[in-house]
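Listed next as structure tokens is one chain, alone, in the form predicted on its own.
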């Protein structure tokens, strides 16, 4: 299995052969888990860092009334926080949206990796800063953008994130999200999400079939929702 973490971090900086070998070494034998199961729940003590090798996951919170708020999507190459073992307890849950292959990396392995491979350490810092930038833009989505712009912005962001790890095929993305899950992400009802997607189809922006999104006019979609990918910081800095 290819190492999506190596592919992701390589987009931030040039990794040596030794760096790539070190990233492969921490994976070990991938562990398979079924869709709709939790990797860790709110309140549990995190002991290992989880690397998503295949499949999709999400961070989420469940409110007292039973409603759910998805606060992040995790795609192949994403670590569920490289320093999560510092915490006494999780303040959110991480659940699988699809069947997945995972690596569970020990605290000692992460510390050794960052101590011995400074380029990997810097790339992980970069990745963490991007995660924080994504969260800021999701807050702007919820606070200031209308329903169409929220969903369009999400699609544009997923386009760039999946392209980063080689999971975009031409003008098509495999996005295994239901309209209910999109609603739980963007604080919209399923009916409202459906109306937004129908508008996108009518205007010739996207088509969706069997959980695959085909983007017909990406520049127009980006323009309509004011999407600027610079917050993903995909351009390398030479000093890294």
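Numbering follows the first chain given and starts at 1. What you are looking at is a predicted structure, and each value in this text was computed from that prediction instead of being measured.
Another form, the form predicted together with the DNA, is not on view; read the next lines as being about it.
When the DNA is considered in the model of the complex, only one residue from 187, 205, 27, 213 comes within 4.5 Å through any heavy atom, namely 187. Taking a 4.5 Å heavy atom cutoff to the DNA in the model of the complex, the contact residue among 146, 108, 131, 91 is 146. Only one segment in the set 56 to 64, 27 to 35, 42 to 50, 176 to 184 has any non-hydrogen atom within 4.5 angstroms of the DNA in the model of the complex, and it is 176 to 184.
Taken together, the three residues 83, 119 and 127 all stay farther than 4.5 Å from the DNA in the model of the complex, as judged by their closest heavy atom. Within this chain, residue 194 lines the site of the DNA in the model of the complex, having a heavy atom no more than 4.5 Å away. Under a 4.5 angstroms non-hydrogen atom cutoff, the DNA in the model of the complex lacks residue 153 among its neighbouring residues. Under a 4.5 angstroms non-hydrogen atom cutoff, the DNA in the model of the complex has residue 198 among its neighbouring residues.
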